[in-house]
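Just the one chain here, laid out as structure tokens, in the form predicted on its own.
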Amino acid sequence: MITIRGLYKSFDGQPVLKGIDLDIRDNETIVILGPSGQGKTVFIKALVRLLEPDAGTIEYDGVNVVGLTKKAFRDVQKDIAFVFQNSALFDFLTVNDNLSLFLQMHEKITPAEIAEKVSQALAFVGMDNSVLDKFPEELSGGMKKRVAIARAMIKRPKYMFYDEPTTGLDRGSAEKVSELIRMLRGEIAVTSIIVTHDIKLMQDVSDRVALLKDGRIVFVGGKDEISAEMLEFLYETGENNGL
């Protein structure tokens, strides 16, 4: 379980996160929904220590990670995977090397076992070994996202974070990402934390939804509890996003 209390973050004196409180339950998929510019990406990056909050606590299973040294945070970090908005694959590495890197660095297993795990991860995201020697620039946006998800799941994390996972994808690729998020819950019992402006993704994958507006959580509950009026309020100063 992740417990967030009183989380604040400002940049150049401008507040972005304004005292967020949120509980994230084990083995749930929670979507942080809101238009651009409301603090979603800052929030998710603060949760994984890519940004340091100005105030507040972030507890993973009772351990407050705010202020932990990098060395101490590694014990928590082994349970965390992050899928970046732009996929963030290493451009100078092949798909095989992108997927193998974590295993080579952190697992005491043979090259044959690494190859088997890589193949299994690719198969899970609907790809095969024909892409192993390709570089990211040779892949479509949807394929890059699937490789990024494969790279994250190969770690078998307890917590998986997604930053705008469907942004820039065509509808078919976006639906495939939604399907993979749902499948991962059954495959590795992962807790998924997703920040997005994509209402369709929220409807497809979420167990619970937190609406984020102007750096504050204004609602937490089931997707069926969200009315059209609530969405209109959420997006009134942001993007239309199909509403």
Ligand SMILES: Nc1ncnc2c1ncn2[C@@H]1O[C@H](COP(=O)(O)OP(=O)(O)OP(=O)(O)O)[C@@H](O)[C@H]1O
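Since the structure is predicted, the reported quantities are computational estimates derived from the model, not experimental observations. Residue numbers here begin at 1 and follow the sequence given.
Omitted from view is the form predicted in complex with the named molecule, to which the following refers.
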Among 54-62, 40-48, 176-184, 202-210, mark the stretch whose residues have heavy atoms within 4.5 Å of the named molecule in the predicted complex.
40-48
The named molecule in the predicted complex: within 4.5 Å of a heavy atom of each of Phe11, Ser36 and His197?
yes
Give a yes or no for Ser87: in the predicted complex, does one of its heavy atoms lie within 4.5 Å of a heavy atom belonging to the named molecule?
no
Does Leu22 reach the named molecule in the predicted complex if we count a contact as any heavy atom within 4.5 Å?
no
Would Val16 sit within 4.5 Å of the named molecule in the predicted complex, counting heavy atoms only?
yes
Can you name the residues of 143-182 that have a heavy atom within 4.5 Å of the named molecule in the predicted complex?
Glu164
